[in-house]
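Just the one chain here, laid out as structure tokens, in the form predicted on its own.
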């Protein structure tokens, strides 16, 4: 798993382990969706990007539209698309769909950037939806409920999802602790200024509105 076949450069073990953890997360049942639905949504997003026939997935069309738009054309995501999915399936289901394609986008994007073959999606695992959804969060001039704070994370509506997402910070970017140091340097690797330049360029190309 995660051998990055075709990459012209070696890939750090920490990144491989982080992506393996994400794959394990995607293959399990989530807060509102069972594993078959989660993998089906990921397949739908990949097929949309490739222009292939779309697989049948037992999820509302509004949720699939949100996921595929975010995965293929993130700059086109707007309040109408998000609220349509949330009104039909619930805020938690909309957040879960966003989390799946966001993590998938990070993994697939790294493979594409390195010219490596995409990792096959994991096989679904049996199990019911966990129902682990935070209570009391509000929309704070945002499309979906979020916690308070300077940099809130929408995935915190789903605590287990938020934890997996945060665990991927360090290998892909920086840990929350490392973000406090302007002189941070990955060894071996880039320094803080180089990391932020790439992050800013990626956000610009994706038309990130944060």
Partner chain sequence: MLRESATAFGYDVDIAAVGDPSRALGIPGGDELLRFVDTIMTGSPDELDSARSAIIDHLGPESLVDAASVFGNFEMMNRVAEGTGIQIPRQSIERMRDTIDVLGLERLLRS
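All figures in this text were calculated on a predicted structure; none of them were measured in a lab. Numbering follows the first chain given and starts at 1.
Below, we turn to the form predicted in complex with its partner chain, even though it does not appear here.
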| query | finding |
| --- | --- |
| Contact test in the predicted bound form: residue 5 vs its partner chain, heavy atoms, 4.5 Å | no |
| Distance check, residue 82 to its partner chain in the predicted bound form, heavy atom within 4.5 Å | yes |
| In the predicted bound form, residue 115 touching its partner chain (heavy atom, 4.5 Å) | yes |
| 4.5 Å heavy atom contact, residue 192 and its partner chain in the predicted bound form | yes |
| Contact segment among 84-92, 117-125, 98-106, 130-138, judged by heavy atoms lying within 4.5 Å of its partner chain in the predicted bound form | 98-106 |
| Those residues of 153-185 which, in the predicted bound form, come within 4.5 Å of its partner chain by heavy atom | 154, 155, 165, 168, 169, 171, 172, 173, 182, 183, 184, 185 |
